[in-house]
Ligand code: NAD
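Just one chain follows, in the form predicted alone, and it is written as structure tokens.
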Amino acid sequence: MGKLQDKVAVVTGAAGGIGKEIAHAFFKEGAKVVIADLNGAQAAATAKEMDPSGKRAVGVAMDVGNEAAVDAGMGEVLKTLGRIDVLVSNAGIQHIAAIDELEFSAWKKLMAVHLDGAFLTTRAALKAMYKQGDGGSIIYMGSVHSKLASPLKGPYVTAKHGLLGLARVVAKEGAAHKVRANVICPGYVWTPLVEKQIPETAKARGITEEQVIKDVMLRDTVDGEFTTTADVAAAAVFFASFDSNALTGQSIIVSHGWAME
């Protein structure tokens, strides 16, 4: 019996990167996993790769910033698997620019994915969890940038700080229904999202890509190492399987000591 045996877990942005690793970790712990992603074909392929039988892993196309798409996708989950026990709001994007050069359209796009997406998926999950009556766990993918700020990341830092507030409100409102809400705050994780930032940051700061890695991304870690997707997935399993209101409204930093509190 795994720690999440027969639980139904929805993971957004799960066709690759951190989300995919979390989905795999949940699957190994016995959960039925929903791979929700903007790329529906890739979501289906990822689910098929994980579970060729299609009984414990399914792919769902979902644009998390679109209300109709989220409600339809979560409705499909309930129709197919009957319930929702865990939500991991993981879908995210990045945009590198100084505030005075930042286009409003870029700001709005990032907010739509990170904050609108977190709200819309949370609302749908809570309705299911409250109706089920036996609790649930909502996990937000924050960042060390939920705690600290960096230049050139105005909308990202703002959104990641906002997830802490949302989690705390959900923790307060969900307590009577045994629904917990927590935030994982990773450091730099070597994913396509981070890899894309390296040349963008190098150009914006006028330094080399090697300097971005050494002097920006890993400078304040205790060992000069990137956080791994497996590190983040382990934290997600911990939050998802902790079946008590004793651990709710909290955040955990997984960053090789980059930020400590």
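Residue numbers run from 1 along the displayed sequence. Note that the structure is a prediction, hence the values are computed from the model and not measured.
What comes next is about the form predicted in complex with the named molecule, which does not appear here.
By the criterion of a heavy atom within 4.5 Å, K147 is excluded from the residues contacting the named molecule in the predicted complex.
Interface residue remark: V34 is not counted as part of the site for the named molecule in the predicted complex, having no heavy atom within 4.5 Å. In the predicted complex, S137 stays away from the named molecule, with no heavy atom inside 4.5 Å. By the criterion of a heavy atom within 4.5 Å, T122 is excluded from the residues contacting the named molecule in the predicted complex. This chain is displayed without the named molecule, yet in the predicted complex the stretch 193-201 from 207-215, 26-34, 51-59, 193-201 comes within 4.5 Å of it by heavy atoms.
Remark: all three candidate residues (A15, I93 and G142) come within 4.5 Å of the named molecule in the predicted complex, counting heavy atoms only. Shown without its partner, the chain has P186, G187, Y188, V189, T191, P192, L193 in segment 171-193 as residues with a non-hydrogen atom within 4.5 angstroms of the named molecule in the predicted complex.
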